[in-house]
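This document starts with one chain, in the form predicted on its own, laid out as C-alpha cells.
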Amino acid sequence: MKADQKILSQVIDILREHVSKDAEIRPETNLEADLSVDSLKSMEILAAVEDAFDISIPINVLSDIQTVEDLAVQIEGLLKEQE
C-alpha cells in the first residue's frame, strides 16, 4: 500500500531530526538496517510522530514497521480511524 505523500513527507522530516544528517531517506529506506535506528531511537521517533500527528501508535503494530513507508501507512490508517 502506498502512503499519502503529505504524511510521507512529514515522516521524513521527523526522521531527519533523529538520524544522521547525511542519511538518504526514501519511502523504501529500512529504519533499522539503513538508518541504524535502535530501540531507544525508535521510541524517540515514535514519540515525535505521535505528537506531530496527535495519534497513539499501538505497541502491537511496531513489528509491522520496517520501512519509512510502513510507518507512514500505519499513521495514515490511525488517522482514518480517528475520523
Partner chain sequence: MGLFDKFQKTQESLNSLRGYSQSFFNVVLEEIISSTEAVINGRPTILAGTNNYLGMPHRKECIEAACRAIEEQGTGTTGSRMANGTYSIHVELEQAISRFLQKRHTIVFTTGYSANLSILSTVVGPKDIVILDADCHASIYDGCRLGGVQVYRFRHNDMADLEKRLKRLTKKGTNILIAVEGLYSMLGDRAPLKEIADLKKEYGAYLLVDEAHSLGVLGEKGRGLAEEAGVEDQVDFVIGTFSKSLGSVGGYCSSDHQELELLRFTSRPYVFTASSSPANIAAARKALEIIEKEPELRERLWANANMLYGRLKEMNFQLGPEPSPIIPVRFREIPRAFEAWNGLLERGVYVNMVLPPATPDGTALLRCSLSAAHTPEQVEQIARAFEDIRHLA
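Numbering follows the first chain given and starts at 1. What you are looking at is a predicted structure, and each value in this text was computed from that prediction instead of being measured.
The same protein also has a form predicted in complex with its partner chain, omitted here; what follows describes it.
S.K.: Give a yes/no on whether E81 approaches its partner chain to within 4.5 Å in the predicted bound form, heavy atoms considered.
M.R.: Yes - in the predicted bound form, heavy atoms of E81 and its partner chain come within 4.5 Å of each other.
S.K.: Mark D51 yes when one of its heavy atoms lies within 4.5 Å of a heavy atom of its partner chain in the predicted bound form, and no otherwise.
M.R.: Judged by the heavy-atom cut-off of 4.5 Å, D51 is in contact with its partner chain in the predicted bound form.
S.K.: Is the gap between S56 and its partner chain in the predicted bound form 4.5 Å or less for some heavy atom pair?
M.R.: Because a heavy atom of S56 falls inside 4.5 Å of its partner chain in the predicted bound form, the answer is yes.
S.K.: Quick one: is L62 in contact with its partner chain in the predicted bound form, heavy atoms, 4.5 Å cut-off?
M.R.: It does: once its partner chain is placed as it appears in the predicted bound form, L62 has a heavy atom within 4.5 Å of it.
S.K.: Between 14-38 and its partner chain in the predicted bound form, list the residues on our side with a heavy atom within 4.5 Å.
M.R.: The stretch 14-38, when checked against its partner chain in the predicted bound form, contributes only E32 at the 4.5 Å heavy-atom cut-off.
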